[in-house]
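Here we start with a single chain on its own, the form predicted alone, put down as structure tokens.
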Amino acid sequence: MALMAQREFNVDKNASFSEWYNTVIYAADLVDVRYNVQGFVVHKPWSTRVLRKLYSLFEAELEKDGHEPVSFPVVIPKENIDKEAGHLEGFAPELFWVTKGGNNELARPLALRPTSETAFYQMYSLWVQGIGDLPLKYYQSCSVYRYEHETLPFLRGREFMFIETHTAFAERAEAAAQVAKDMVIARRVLEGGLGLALMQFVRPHWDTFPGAENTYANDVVMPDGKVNQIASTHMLGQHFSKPFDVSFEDASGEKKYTFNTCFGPGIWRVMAALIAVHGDNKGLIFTPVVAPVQVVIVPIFKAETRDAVLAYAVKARLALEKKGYRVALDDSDKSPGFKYNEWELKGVPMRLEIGGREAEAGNVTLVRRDTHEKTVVPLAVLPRAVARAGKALAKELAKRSKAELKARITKCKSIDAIGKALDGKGGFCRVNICSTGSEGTACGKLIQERTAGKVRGMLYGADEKASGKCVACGKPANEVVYVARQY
């Protein structure tokens, strides 16, 4: 993407979110989709650096919780996938198959991993022999492969970035405790670290992960009112341990099967949420924790002041780099205005403007990307000022995200009201329903047929009391759920 095209980015996000999103991901040089295999994108340096930061945030939290990193093969033999019927049924339409090696037909088909339960638990059956081998808590950071019919970078692709944890416990209560920890980790990273306001749900019975007893998910509302599931965790129970024989002998010599969980932060989808939720009509806005460049320095000079201003700008850069900040000094010959637009488009959280007057006075002008507020700061206290500004920016982005989420929740007492709300401001419709168990499946299907919205589930960790009648069947309501359209 040419620099001029980048500088002229001016799409109204609120008027046309789809156009905005499809413009900014290319204008900011995040991806290139011209690789000649549909649904597989090339990640450019700027997005790759952000994605690596996202991986590291989750990896740090997982390792604090006792998970250890592993790396599994990308191929899974068909007999593994066939072992869990629900898992096979759920993923069969999305599988990529490898059937030849060179000129030879393979004796057995190999699937590119759509997710790795059937790989992990085959190996766990070898690694778990006794109670002393438990708990087992491993994770891998990887790409997964699914044959999606419609693709959009960071939201839906045939190859996308992912973290998956897989655990094995002796007792169900331990597995349930792990699911709760996963939800805390998700909120800590996504909401606390990245400023993305979450709705955490217990998914309905008819919308669980293939092979899971229960699914717990983290949804973010996007600017067009649709929701983006960016992480989920699953109570697998013994659905995989029994077919894969992940078992152990207890103290009395009795054979028992493990209880398993898996947790999947969708790194790609988190990236989509960061782009969409925090960005504005000037481009991206990254929080300092993930920004490839946290501070850009733009020197402003005439020919006679060039050397002095650049030398002072280098001092400012070194002062920040010594404190660990990621800094860029843009000493190119482009105009200051062009540089401002270019770095704002790329989402750099803070900018330092340094001209002759700043250099003479021993100051810099600090500009925040979110508010464009300018503050004159003495060079001697620059690192502290940048730290304060970065925290204030992150807090402001989180505040905006929470306000947007709150504004997108509507109480609805009928299916018609759900449809009108989703056609209007979108987001989540809070409704009363008879059940999220199997007996409520027909009601969930009816809501989706009539409104194109899916029952996302009950709020996780909340005890909302239902009242009145189910919006779908008219029977007494027993549960409060949220309905939304999704990516």
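Quick note: we count residues from 1 along the sequence shown, nothing fancier. Quick caveat: nothing in here was measured; it's all calculated off a predicted structure.
Heads up, the form predicted together with a further copy of the same chain isn't pictured, but that's what we're talking about next.
- For the chain shown alone, residue 80 is a contact residue for a further copy of the same chain in the predicted complex, at least one non-hydrogen atom being within 4.5 angstroms.
- For residue 41, a non-hydrogen atom is located within 4.5 Å of a further copy of the same chain in the predicted complex, even though that partner is not displayed.
- a further copy of the same chain is not drawn, but in the predicted complex it has a heavy atom within 4.5 Å of residue 99.
- In the predicted complex, at least one heavy atom of residue 48 sits within 4.5 Å of a further copy of the same chain.
- Among 380, 184, 126, 177, the residue placing a heavy atom within 4.5 Å of a further copy of the same chain in the predicted complex is 126.
- The partner is absent here, but in the predicted complex a heavy atom of 75, alone among 75, 289, 88, 366, sits within 4.5 Å of a further copy of the same chain.
- Using a 4.5 Å heavy atom cutoff, none of 273, 325 and 339 lies near a further copy of the same chain in the predicted complex.
- For a further copy of the same chain in the predicted complex, the listed stretch (223-231, 114-122, 331-339, 383-391) containing residues with heavy atoms inside 4.5 Å is 114-122.
- Residues of 122-148 lying near a further copy of the same chain in the predicted complex, listed in sequence order, are 122, 123, 126, 127, 138, 139, 141, 145, 147, the criterion being any heavy atom within 4.5 Å.
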